[in-house]
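Below sits a lone chain in structure tokens, taken as the form predicted alone.
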Amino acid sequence: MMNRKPHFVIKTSFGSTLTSSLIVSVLLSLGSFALPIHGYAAEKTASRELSPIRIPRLANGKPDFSGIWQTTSAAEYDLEPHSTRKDAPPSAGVIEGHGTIPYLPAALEERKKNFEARGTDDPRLKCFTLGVPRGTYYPEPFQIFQRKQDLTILYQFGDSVRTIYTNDTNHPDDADANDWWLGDSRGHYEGDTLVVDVKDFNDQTWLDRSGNFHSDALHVVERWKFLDANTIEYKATLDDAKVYSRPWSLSVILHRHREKDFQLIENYCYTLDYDQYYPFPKP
């Protein structure tokens, strides 16, 4: 029996007939087949643009930032644009506008000294708490625990713990304020963005490994916003009248750790120099 391929015929306006294979060839040459596909793609694109982002939320409807997060940026090495060097990979920087930090003249000289001495004077090398915002873009994970009234951030580096209050309270009065390593953090929500006002710092932390720094007059405003359920856009605006000529901002992306059984590992900096003394007393 002859193997016959199915086909159909159609009568044209000219009174002649076209086979199915010929019709397909004609439609392809006219681009007719692209029309329904294009329409479907356009409909899907419009649907994605109009659909709200699905993000985790607390029982009260506010965004739930709980989880373990980490940046893949090179911000920790140097916030400003820089080429490769022995102690830092190249980077376009994370300062908005790809600019540099607007130091006052005397502060710029101090920053140059810090850069030259960065191999020994970086507070990180002394195991000091990293501070805000440095702890957020340091290349180690941190974990957020969130409740209605606050967020607690546990940093792997140095086991530092930071609290962001979201219970409508204000910063301590000046008489009660202190100079804290991580400052005092008070947050509120603007839509789905967590806005955190941070002040009352000491002047013992740097902003990165290249010697960028601040004084105890530092004032930081952070903005935490989900881009999707597993990605946060983090922005920080820094103002310090003793060091900068104007406020400036940086921005990094934070990624959720989703590896199976992933957890923070204690990293209380570099204790090997003291290991010979522990445990005490000796067994």
Partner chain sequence: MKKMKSLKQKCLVASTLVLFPLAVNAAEDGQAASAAVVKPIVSSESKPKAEGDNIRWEKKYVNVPEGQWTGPRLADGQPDVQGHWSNTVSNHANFTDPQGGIPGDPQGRPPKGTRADRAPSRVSDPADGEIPYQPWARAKQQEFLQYFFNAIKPEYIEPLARCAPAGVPKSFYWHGYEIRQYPGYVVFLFSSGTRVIHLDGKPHLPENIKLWNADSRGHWEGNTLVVDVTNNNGKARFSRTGDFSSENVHIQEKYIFANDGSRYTYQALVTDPTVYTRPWTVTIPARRYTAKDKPNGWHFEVLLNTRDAKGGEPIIERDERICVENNGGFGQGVKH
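Residue numbers count along the first chain shown, from 1. These numbers come from a predicted model, not from an experiment.
Absent from the display: the form predicted together with its partner chain. The rest refers to it.
Of the stretches 107-115, 182-190, 92-100, 73-81, only 182-190 has residues with a heavy atom within 4.5 Å of its partner chain in the model of the complex.
Three-residue candidate spot N60, F65 and E140; no residue lies within 4.5 angstroms of its partner chain in the model of the complex by any non-hydrogen atom. Residue contact check for D239: none of its heavy atoms lie within 4.5 Å of its partner chain in the model of the complex. With a 4.5 Å cutoff on heavy atoms, T136 does not count as touching its partner chain in the model of the complex; it lies far away. Contact annotation: D197 falls outside 4.5 Å of its partner chain in the model of the complex, judged by heavy atom distances. Its partner chain in the model of the complex comes within 4.5 Å of no heavy atom belonging to D121. Residues of 112-136 that come within 4.5 Å of its partner chain in the model of the complex, judged by any heavy atom, are C127, F128, T129 in sequence order.
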